[in-house]
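This document opens with one chain alone, in structure tokens, the form predicted on its own.
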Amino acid sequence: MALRELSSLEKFLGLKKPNKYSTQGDKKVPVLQSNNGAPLVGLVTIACHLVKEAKRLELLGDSAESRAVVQQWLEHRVTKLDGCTKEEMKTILKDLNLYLQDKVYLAGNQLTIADTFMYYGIHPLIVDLAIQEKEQYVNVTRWFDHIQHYPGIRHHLPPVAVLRNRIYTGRHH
């Protein structure tokens, strides 16, 4: 999964030459062999490197505070979301729903890689939720739908219907 996410990030960033990745260990941690020596290891490390390589630093946050929030969400993605149990998933969605109550993006007023990688991370969870369950997490589904429709984000993932269609009768009173 992480390798597809990095490939999608490269496309979103407009990087012309795709990188070659491998994985290491049981958890399949991504590894990027750089041209300048030591390999880069880990989803967050590689993602931040790609953003810098593309000179899209605004995706890392536009202030010291938003950069810290971006790093916090990236760390949350790797340590809490990846490999979570079904019970942990409910807690993660509940907490994220509360956090997003008054926010459009996770960090600041624009899209960051925190939004991108949290979207990639919760996509499989949202796909498995019934419409009624999605409605319990109205802020998450609003944010999720916004991010999935952001140009260039959803490369390797199918779109997810997040809102129930309302069916109206033909009678008008």
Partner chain sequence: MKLFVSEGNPHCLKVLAALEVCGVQCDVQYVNHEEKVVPFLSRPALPALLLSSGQHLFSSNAICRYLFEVNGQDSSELCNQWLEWEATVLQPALLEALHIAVVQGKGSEVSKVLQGPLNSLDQSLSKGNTPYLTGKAVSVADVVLWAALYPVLSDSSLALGECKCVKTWFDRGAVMHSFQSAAQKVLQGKGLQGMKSFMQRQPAPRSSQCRDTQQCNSN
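For clarity, every value in this text was computed on a predicted model and none was experimentally measured. Positions refer to the first chain, counted from 1.
What comes next is about the form predicted in complex with the partner chain, which does not appear here.
*Asks:* Is residue 57 near the partner chain? Define near as a heavy atom within 4.5 Å, in the model of the complex.
*Replies:* Judged by the heavy-atom cut-off of 4.5 Å, residue 57 is well away from the partner chain in the model of the complex.
*Asks:* Do residue 49 and the partner chain come within 4.5 Å of each other in the model of the complex, heavy atoms counted?
*Replies:* Yes, residue 49 lies within 4.5 Å of the partner chain in the model of the complex.
*Asks:* With the partner left out here, check for me: in the model of the complex, does some heavy atom of residue 124 sit within 4.5 Å of the partner chain?
*Replies:* Looking in the model of the complex, residue contacts with the partner chain do not include residue 124, since no heavy atom lies within 4.5 Å.
*Asks:* Taking heavy atoms and a 4.5 Å cut-off, does residue 145 contact the partner chain in the model of the complex?
*Replies:* Contact check for residue 145: no, nothing within 4.5 Å of the partner chain in the model of the complex.
*Asks:* Taking the partner chain in the model of the complex, which residues along 43-71 bring a heavy atom to within 4.5 Å of it?
*Replies:* 43, 44, 45, 48, 49, 52, 64, 65, 67, 68, 69, 71, in sequence order.
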